[in-house]
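There is one chain below, alone, in structure tokens, taken in the form predicted on its own.
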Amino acid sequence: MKFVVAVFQSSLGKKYVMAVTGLVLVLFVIGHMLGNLQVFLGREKLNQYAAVLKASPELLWGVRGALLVAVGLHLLSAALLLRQNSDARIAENERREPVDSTLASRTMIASGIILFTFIVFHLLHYTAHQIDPSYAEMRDAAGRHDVYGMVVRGFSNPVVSGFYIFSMALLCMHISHGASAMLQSLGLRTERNRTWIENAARTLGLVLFIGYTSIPVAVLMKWVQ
């Protein structure tokens, strides 16, 4: 416990926590996208993939628990760093100027809050089935939970798809800046490789945005039904 307190009392410690938890979350986002894209392989493939995941509930809930901890620590360290920076500006009577910054970097906190709201909604919608309880009863011809049908029904609602696409835009903008900042905090970004890393981070954000949003777009366009 003393170690945890010491970490959060240190500015460098909070940055390390943000970087490590950010890395965990980025890896999950990539893996989650690859799993979701199996919707384009058809009902059988996606439902089989979902069934394999649900066959190991201990592993599945272990991963979910680890992700919740990572999200919580990421938000906590971000809030503490924001307060610390705000206190420093007030103490030095500085005027905040968005010099050498991007829209992504200036909206990290706001996008983080909106993304947290989206995560809660997404879990209630597709995992807990609280938005539409009928999802829990959906089954395919093999008697498995019909995740494919659930995805199609959910994204057939333009409001749900619109919120999803908007949230993915914020997520990918968040990652495009956060991935580069994360490597800087870990000491892996230098002046020599800075441009390459920043371009790679933007490319990653763009690829993730295309991958994730292709699903609701395909459903709305009736390419997946």
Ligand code: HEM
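Nothing here was measured: the structure is a model prediction, and the numbers come from that model. Quick note: we count residues from 1 along the sequence shown, nothing fancier.
What comes next is about the form predicted together with this ligand, which does not appear here.
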Exercise for review: Answer yes or no: in the predicted complex, does this ligand come within 4.5 Å of a heavy atom in every one of K15, M182 and N199?
Suggested key: no
**Study point:** Among the candidates L186, L170, L67, V160, the residue which, in the predicted complex, approaches this ligand to within 4.5 Å (heavy atoms)
**Key:** L67
Review point. Is the gap between F155 and this ligand in the predicted complex 4.5 Å or less for some heavy atom pair?
Key: yes
**Study point:** Exercise: G22 in contact with this ligand in the predicted complex, heavy atom 4.5 Å
**Key:** no
Review point. Closest heavy atom of P216 to this ligand in the predicted complex, within 4.5 Å or not?
Key: yes
Check your understanding: Can you check whether A78 is within 4.5 Å of this ligand in the predicted complex, heavy atom basis?
Key -> no
Check your understanding: For the stretch 19-57, which residues lie within 4.5 Å of this ligand in the predicted complex by non-hydrogen atom distance?
Key -> F28, V29, H32, N36, A50, K54
